Ligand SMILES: CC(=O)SCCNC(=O)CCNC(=O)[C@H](O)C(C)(C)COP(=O)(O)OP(=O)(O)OC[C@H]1O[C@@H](n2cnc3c(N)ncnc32)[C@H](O)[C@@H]1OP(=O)(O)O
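Okay, so here's just one chain, in structure tokens, the form predicted on its own.
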Amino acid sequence: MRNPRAFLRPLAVGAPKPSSDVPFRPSRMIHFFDPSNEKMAAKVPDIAMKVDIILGNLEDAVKTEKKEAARQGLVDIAKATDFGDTQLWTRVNSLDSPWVLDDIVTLVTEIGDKLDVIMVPKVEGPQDIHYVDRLLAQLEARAGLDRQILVHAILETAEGVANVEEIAAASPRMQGISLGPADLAASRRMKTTRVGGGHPGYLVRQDPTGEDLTAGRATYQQDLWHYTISRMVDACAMNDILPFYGPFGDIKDVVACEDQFRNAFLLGCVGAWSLHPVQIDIAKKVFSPSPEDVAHAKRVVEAMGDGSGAVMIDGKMEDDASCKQCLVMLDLAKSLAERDPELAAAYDL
């Protein structure tokens, strides 16, 4: 067990001092692109201005023979692009792959001053974070960086879910955790081939009203990921890091994508992955509180004064607990309004 006072000391001589807080910046969508795809890479400067986070993907979706090209492509793009207020992330290859060491060494050495977060796939326990933590500290010291690069874990194995609380608490470098539903489904031996979203076979049915067991019994599709997202959100909240929903693979079904994103938002996630430009606006819409919700939150907070006691607003009781909920909504709205002029006008903050 580490001395708690040592938790915020650098893990390498000359490395930046770890931060005690995760800086919250708008993070409604993590937009993925393949740096080895020249057509996709050419669009990065324009797309970066439309998203909160842009991520150069080096892992899944990049063919084996293009791994090195993707790595060098991300270096070239980062050096040539002014990302403004948009965060630059990368997803490196898994820790058991032959590419991950070169991924981390190259990116920290070449573009560490521009890189905000490294996403680590298939994290199974705190030992994976400890390895990356120490390696990053050594490389940051060698590169002369003056700030830490943060780490984001993907929850995509049964072992990772079982250890999610320990993963979330593994390092002050932890920025957050994303759900990886496809790999997690395979790890659990779930009988679905979908990348996120629901399944028509996962349902509940109304009780029968007579002897006919088939007549008039409505069915309701359930959320395959409710338990896992809730547990991930709790692990993140208790450690002051940020939870994200991951990918929704059916690009054409924008309605179901919006539903899945909204479920995650209501449960406490701050954002989701966008795999295609069409999902950017969906994430922006879903993970931004509605002007109506913001207006209601303002009314409650103003009526509650110092936050104690209880008041009646539109026939509903509001007390200290609901005031805290409203403050969460207003804090998010204020941070988004600082980045988005349209939201600033709509929220009237």
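In case it trips you up, residue 1 is the first one in the sequence shown, and so on. Since this is a predicted model, take the numbers as computed values, not measurements.
Same protein, other form: the form predicted in complex with this ligand, not shown, and the subject of what follows.
- Checking G271, G176, G160, P247 against this ligand in the predicted bound form, a heavy atom within 4.5 Å turns up for just one residue: P247.
- With the partner omitted here, the residue from A61, A310, A303, M49 that has a non-hydrogen atom within 4.5 angstroms of this ligand in the predicted bound form is A61.
- Residues of just one listed stretch (318-326, 281-289, 66-74, 41-49) have heavy atoms within 4.5 Å of this ligand in the predicted bound form: 41-49.
- Contact with this ligand in the predicted bound form, defined as a heavy atom within 4.5 Å, is made by all three of R91, V195 and L275.
- For R28, no non-hydrogen atom is located within 4.5 Å of this ligand in the predicted bound form, even though that partner is not displayed.
- This ligand in the predicted bound form comes within 4.5 Å of no heavy atom belonging to L115.
- Interface membership of V233, defined by any non-hydrogen atom within 4.5 Å of this ligand in the predicted bound form, is ruled out.
- Put simply, S36 is far from this ligand in the predicted bound form: not one heavy atom of it is within 4.5 Å.
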